[in-house]
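This document opens with one chain alone, in structure tokens, the form predicted alone.
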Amino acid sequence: MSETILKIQDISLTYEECPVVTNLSLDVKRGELLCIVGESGSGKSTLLRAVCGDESVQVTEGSIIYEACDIVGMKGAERQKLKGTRIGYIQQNPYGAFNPLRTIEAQFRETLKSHGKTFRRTDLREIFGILELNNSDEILRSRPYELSGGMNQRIAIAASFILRPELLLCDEITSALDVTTAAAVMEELLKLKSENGTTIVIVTHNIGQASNIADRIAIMYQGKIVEFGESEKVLMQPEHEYTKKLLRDVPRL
């Protein structure tokens, strides 16, 4: 886990000239599960969007290096080639991942075809089963607006899982799920990491969840990384006052 797959160097990000992230540096090691923890508005989701090349996020300084390529300097077509099989992204808002008027099956078929993969119902049923999406045939016939937010979120997760990306970015993906399903999703992420060597970055406000799954934890506060290191060290020997506050707020029996 020593090789760096993603290196973010001195990055500053804005939305329409409003600063969100300032002079931030972060490295992601190949094969690790990294959790970026912070409250709403800390800039953690913006950071993921910048890695994915979201045009609403302006990079004013710094670089984002993915396997020796600077994503910031890439043109749209070059960046598009990275998405899906190399860099996967699961959004916090599941409705943003789908065309609301087309069936789920049509969108899965199109996604797989665009990445040179074959649509197989057996593969999909297996992933749907893990995510507790029962009656896969009925779901595939449905359109996103006919399904609940929780179901759409699980389907968005399945769409990323089935492509088996090298780097998977997850933006608060369990926030709309019940506790049991959220635990099943985290379990599947760990399986994806161990069996396929997938590198995973999870953005979350839940430091308790991060403590159960992360190899390393980055604490983000007001657009900066204030603490970063091995999970055990950050949790057992926190140095920054904000990290200590997050740990104090974790519910205990």
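All residue numbers are counted from 1 along the displayed sequence. If you're wondering where the values come from, they're calculated on a predicted model, not measured in any experiment.
There is also a form predicted in complex with adenosine-5'-diphosphate; it is not shown, and the following applies to it.
Shown alone, this chain has one stretch from 224-232, 25-33, 62-70, 45-53 that lies within 4.5 Å of adenosine-5'-diphosphate in the predicted bound form by heavy atoms: 45-53.
For the options Ser136, Thr181, Thr103, Gln92, the residue carrying a heavy atom within 4.5 angstroms of adenosine-5'-diphosphate in the predicted bound form is Gln92. When contacts are judged by a 4.5 Å heavy atom cut-off, Glu187 does not count as touching adenosine-5'-diphosphate in the predicted bound form.
In the predicted bound form, at least one heavy atom of Gly41 sits within 4.5 Å of a heavy atom of adenosine-5'-diphosphate. Within 4.5 Å of any heavy atom of adenosine-5'-diphosphate in the predicted bound form lies no heavy atom of Ile11.
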